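Starting off, we have a lone chain in the form predicted alone, written out as structure tokens.
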């Protein structure tokens, strides 16, 4: 899928700077998110990709206010989300509806005791809609996500997994947000249903000018929706680039490993460029020194276990945290 590189407003809608989220004791913290910076423009999709446990979901929860920050800052539309003390309750209430989330598991994210009508109408009533307005909006939302408004008296267990995720999307759209965080929104679905939900998200984005933070462990999925991709490993961003550049010319060894793991359509074939990593992800309680990927890296060099690398610019849009790869790139060699 090809999407435009130029957006109506070049200024970021969301800006995250030096985000850190620690768990556990202060003496032995688990650095779930370690100095992460990212931005998303209006109408843009940033995919945050990495293995389970790398800090993707924690980053998303921090962005939407469901996870406290250890340090760093998050601003939305130019206003810091840490400035709640300077905002009245009414301002906070109105402001926070601009960021919504679609969770990974629609079974657990929907209240089994609420029918479809209550699920969609309740937040609308909470934000001032009349009963009639909420009912009309709920019917419109169901049609927009491809469901029949006549079924709004049914309960979540009466729908399939794909239909329940459509309900989750409708609920996220109810308050007319500007940013939606999709936290592994299609990972629990069959492949054919995944494609339907991705197409729905793309159509909704084009119609309403939404921005997405699309969290996934699967590069094959985000290829069809992302404008830019940030690859995350053990709490840090190791590579960020437009989706086409990242797929055609990955620079970080971890990115190359993830891309090589994308299966080919023929199950009898094995990718000739497959990179196998046999070791497990290091313990986040005691991460390795230097580059956190170096114990598993197929291209490790002696200096990789000394200094923790920072993101460096290969171009205006391509960033990588791997000094040996940066040097090879600058020398005109294959990174």
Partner chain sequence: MNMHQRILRLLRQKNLVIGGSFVAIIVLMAIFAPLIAPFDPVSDADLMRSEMRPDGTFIFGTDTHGRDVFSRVVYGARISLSVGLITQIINTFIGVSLGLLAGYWGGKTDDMIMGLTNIMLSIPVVVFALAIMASLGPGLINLYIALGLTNWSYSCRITRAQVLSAKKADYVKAAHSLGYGHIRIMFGQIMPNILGPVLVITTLGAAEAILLEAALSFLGLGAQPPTPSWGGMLSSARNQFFTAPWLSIFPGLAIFVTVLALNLFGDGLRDILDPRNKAKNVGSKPK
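Model, not experiment: these values are computed from the prediction. Residue numbers count along the first chain shown, from 1.
Although it is not shown, the form predicted in complex with its partner chain is what the next lines describe.
Asker: I'd like to know whether residue 61 contacts its partner chain in the predicted bound form, with contact meaning heavy atoms within 4.5 angstroms.
Answerer: Yes, residue 61 sits close enough to its partner chain in the predicted bound form that at least one of its heavy atoms falls within 4.5 Å.
Asker: Though only this chain appears here, would residue 66 touch its partner chain in the predicted bound form if you measure heavy atom gaps against 4.5 Å?
Answerer: Yes.
Asker: Closest heavy atom of residue 108 to its partner chain in the predicted bound form, within 4.5 Å or not?
Answerer: Flag for residue 108 set to yes.
Asker: Does the 4.5 Å heavy atom contact test between residue 127 and its partner chain in the predicted bound form come out positive?
Answerer: Although its partner chain is absent here, residue 127 would touch it in the predicted bound form, with heavy atoms inside 4.5 Å.
Asker: Have a look at 237-245, 68-76, 168-176, 215-223 and name the one stretch with heavy atoms inside 4.5 Å of its partner chain in the predicted bound form.
Answerer: It is the stretch 168-176.
Asker: Work out which of 209, 123, 263, 146 lies within 4.5 Å of its partner chain in the predicted bound form, going by heavy atoms.
Answerer: That would be 123.
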